[in-house]
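Shown below, as structure tokens, is a lone chain in the form predicted on its own; questions about how it binds or moves come after it.
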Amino acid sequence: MIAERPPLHPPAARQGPGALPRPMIEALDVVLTRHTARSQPGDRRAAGVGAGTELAQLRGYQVGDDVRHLDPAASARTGEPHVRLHVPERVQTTWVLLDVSASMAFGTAQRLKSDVAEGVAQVMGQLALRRTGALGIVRFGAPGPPRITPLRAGRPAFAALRHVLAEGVAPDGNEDASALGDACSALGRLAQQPALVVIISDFRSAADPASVLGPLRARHTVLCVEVYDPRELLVPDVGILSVVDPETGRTARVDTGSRRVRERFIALEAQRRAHLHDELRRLRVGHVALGTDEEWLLKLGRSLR
């Protein structure tokens, strides 16, 4: 008998991502295009040759070629039939990898981490579908294997994204240290053509994210959007505090009045984030850190410049 998976739930303290002004999203489109162009040749480049308007090559006719592609001028000039091959219309394919683990339901400032993640996913979805782009979604961090929503274009793609976002996050006590790695591996097997891969997560899994991003980076442009809360960077002096790890369900009592405890926590967290930043930079993976206490959309645009 197969055990039923725990359902996802929208967090009770959900605030939503806030306003998404269209002028800011349009400005971000230009910024993201430049960011993608640094690691992918051309703007919205498609692979291979096909029915487009840009000439790829002019060559002699071969048996089986479509006679509608014959070039009269070249054929008359050379005395031999020639055909024109074109570069297909350029399309940006975007994959959004969304972390729905229990730790994403945490937040002590303007909104929860899941709220910021939702906003980033919506913005990336809108940008992906401009100029006839295609969008795919990989949800990870919930019990079970990552769930993949295949590439779609237009309104069906955005409707699928909204459905995934409405499902919420995983319940407490369902830690899976390999969730990010499993999601990247699944996408690596599925996405054969170069694409923009946007990973939205707090990257607090026990696994080293850099170890699973190398193969993905070899073929795709990867952008890691790290979402954090200011209370994850330091512990305030509030005396004895009972804390719960949402990913494992484990509880602990901490004496936050101890200066040594607070300094140790700050040092460990700073070390973890510095290691993440250094590894992503070594892999030449884009990295943006957005806090729940910030105007995340404005910072996202500035960080990608």
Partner chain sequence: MSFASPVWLLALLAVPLLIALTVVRSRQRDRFAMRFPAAATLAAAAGAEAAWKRWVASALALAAIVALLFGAARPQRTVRVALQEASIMLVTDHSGSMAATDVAPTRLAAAQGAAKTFVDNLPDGVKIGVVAFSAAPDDVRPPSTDHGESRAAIARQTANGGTATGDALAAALGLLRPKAKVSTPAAIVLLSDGATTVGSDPEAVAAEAKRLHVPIYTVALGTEDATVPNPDPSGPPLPAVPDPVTMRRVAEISGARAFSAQDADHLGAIYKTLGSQLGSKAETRDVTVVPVLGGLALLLASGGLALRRRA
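These figures come from a predicted structure and were not determined experimentally. Residue numbers count along the first chain shown, from 1.
This next part talks about the form predicted together with the partner chain, which is not shown.
- Heavy atoms within 4.5 Å of the partner chain in the predicted bound form map, among the stretches 64-72, 256-264, 275-283, 24-32, onto 256-264 alone.
- By the criterion of a heavy atom within 4.5 Å, residue 204 is counted among the residues contacting the partner chain in the predicted bound form.
- The partner chain in the predicted bound form comes within 4.5 Å of a heavy atom belonging to residue 244.
- Contact check for residue 103: a heavy atom falls within 4.5 Å of the partner chain in the predicted bound form.
- In the predicted bound form, the partner chain sits beyond 4.5 Å of every heavy atom of residue 115.
- Residue 235 is the only one of 129, 235, 196, 151 with a heavy atom lying within 4.5 Å of the partner chain in the predicted bound form.
- Think of it this way: in the predicted bound form, the partner chain has a heavy atom of just one of 147, 231, 84, 217 within 4.5 Å, and the residue is 231.
- In this stretch, 155-194, the one residue having a heavy atom within 4.5 Å of the partner chain in the predicted bound form is 172; the partner itself is omitted from this view.
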